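Take a look at this single chain in structure tokens; it is the form predicted alone.
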């Protein structure tokens, strides 16, 4: 089978046999996963372990009058049934705000909220015990996002006495941006054309491969060892310790096999429940969610409603942008404040706008909690502002790509937050490149029996032979921040050890980075090979014995933990040279020009100065380094001004779409992308990130939505929640730029999220072009196209 097509500009760094940075060694877990041989957290096993199960609320909002666990406890094989009354420490946890009960106390606030947990000697026994728990509910009307803004009339999701977030009422967090003269009367008067649009984004699920799972093992010192699939080991522990009543040194986490994340594992799920049951029973406890429970067990992408006004001169120069954004945060805060910060600060897109007024708010509702998901607030905004750019282009009679290029930001541009873009921002160039790519064939391929229906909307269902099919082309471009922002102390820790094993120099890399499928372990080995000139690199299991690596999110791990590994390797290299200076009398001018290559110490002329094995002997060099990016600032809450983000990343898409306008069926024919990645550390992995993000954007455009009605989830399965399969995924030609960011290790940029932004509006624009419909909501459903 043919492999992926590598962009021409990356071919020179993909030569086989080069396993340093810029090469494309294969990931060690890839073949195992494809063959089904990879050990995920759900495969963990302990000889005498118990099985944990969770009782969840069937209601979106209800008071709990009573909980009777006696029948469950009487079932043979049941070791424990715990409610909030059995929690030894704090009863609340939370990623940013500790507002979520570990187990519901006197009220449930969303469909699926955990009420009680059971440990039994068999998973079926545990499920039968859960069925025997009797909860007396007083069901209340669910509060949705529209009602949430009027708590005096519709009530509070969190009673004022229990409110723990940043604002008041049902508001979790707000962020305002005031730039230039906003949308004052004088500004509006300068705009010769003003377009207004209202847009809506549905609730998207991360749909990761492996449901939540882990194994908690009681330790002899009274602590707990937890083997877990997660995104952030140390913050999991930070939230768990107060609940368990244990100090951090007695709660040890080790990363187990992770089947994807996309933000869905940034909040804890079953971690603390498994540990509570293990702590109570004194036995190992394993919890594995099935797919349906997984839909209730993690946060989702925030649904959003957005109102935009764009004002421009007749020749297409933006004069102002006004945006009102409401994000449905669901029942608990999760990372809603940071999502609001992104939505506000990135709310006008990669454009230069002299005046802007943006108000972004997240509200508490009785819908499922929402938090981190790939793109993190920027995805919703990109659909809104890119739809507006198309609408503005139509109103002005301009080409939509040309309008975007005319207003595109570049290095030196000033954002509405006042931040100056101090690294390459090739927005216009990305648009030029993606527009210049060859278009796919206009005609459908014919077989001997006529048109090949596999290439038409509806595919082999044979719903059309092309009678009502219209082709459309659309464009989108987006901006995403990289790393943790707004003054967060973002750092990562890496330990690198260089020693002689079996007569050869070997490097060991130890971090707490969660490998969730992004390929970080592959890149870490590449970095060490480059910096230390050794072929043999071992990656130690990620755990909390080493300092935090931060979360595997925000497109940050190659930048942050890759930066930490680079720094630690440099420290090791420096220590090796210092050893040579002290023991062999190397003069400073020689040391200044030394490098490590192929297991040798070589000088500027590539002459061998020493064999690394001889220099190391039986004394390893071991260095641990914390790496930080340059500091950022919190946005001013009322004006939004501040140096809030450390780095920006950009991607542009062109979508070619066929639409059966009579049946409302869509086939995405091609999704071409152009993206600047700063430095392609592993070009094959970069392609995978762009393809993956693009596919997730396709899902949001035409398929993926958790259907929530009065707080109840209606489609918690992959039968009813549709995600793109290989049959839905079109060819994706990619053009990659490598314009180095001078502030980042190796000049790299985070690559994983930007393509998720721009794919969605490009597809919607193409469908609009084919149908002539306004289409202000995603995902687009057949009835939106047929009006039925």
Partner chain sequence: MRVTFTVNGRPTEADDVWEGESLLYVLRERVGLPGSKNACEQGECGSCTVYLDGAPVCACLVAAGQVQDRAVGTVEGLADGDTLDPVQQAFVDAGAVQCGFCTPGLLVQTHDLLNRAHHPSDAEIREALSGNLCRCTGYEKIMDAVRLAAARKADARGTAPAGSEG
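Keep in mind that what you see is a predicted model, and the values were worked out from it rather than measured. Numbering follows the first chain given and starts at 1. Take the two forms, find the largest set of C-alpha atoms that superpose within 1.5 Å, and that set is the rigid core.
Just so it is clear, the following notes concern the form predicted together with the partner chain, a form of the same protein that is not shown.
- Contact check for residue 373: a heavy atom falls within 4.5 Å of the partner chain in the predicted complex.
- In the predicted complex, the partner chain stays beyond 4.5 Å of every heavy atom belonging to residue 136.
- Taking the partner from elsewhere, residue 211 is found to have a heavy atom lying within 4.5 Å of the partner chain in the predicted complex.
- The closest heavy atom approach of residue 260 to the partner chain in the predicted complex falls within 4.5 Å.
- Residue in contact with the partner chain in the predicted complex (any heavy atom within 4.5 Å), chosen from 623, 658, 183, 455: 455.
- When the partner chain is considered in the predicted complex, only one residue from 90, 717, 461, 238 comes within 4.5 Å through any heavy atom, namely 717.
- Remark: none of the three candidate residues (598, 602 and 746) comes within 4.5 Å of the partner chain in the predicted complex, counting heavy atoms only.
- Contact with the partner chain in the predicted complex, defined as any heavy atom within 4.5 Å, is confined among 474-482, 197-205, 147-155, 103-111 to 197-205.
- Contacts of stretch 268-296 with the partner chain in the predicted complex, defined by any heavy atom lying within 4.5 Å, are made by 286, 288, 290, 291, listed in sequence order.
- Superposition of the core reveals a Cα shift of less than 2 Å for residue 47 between the shown form and the other one.
- Annotation: Cα of residue 721 displaced by less than 2 Å between the shown form and the other one, core superposition.
- Contraction of the residue 505-residue 31 CA spacing by 3 Å or more is recorded in the predicted complex, set against this form.
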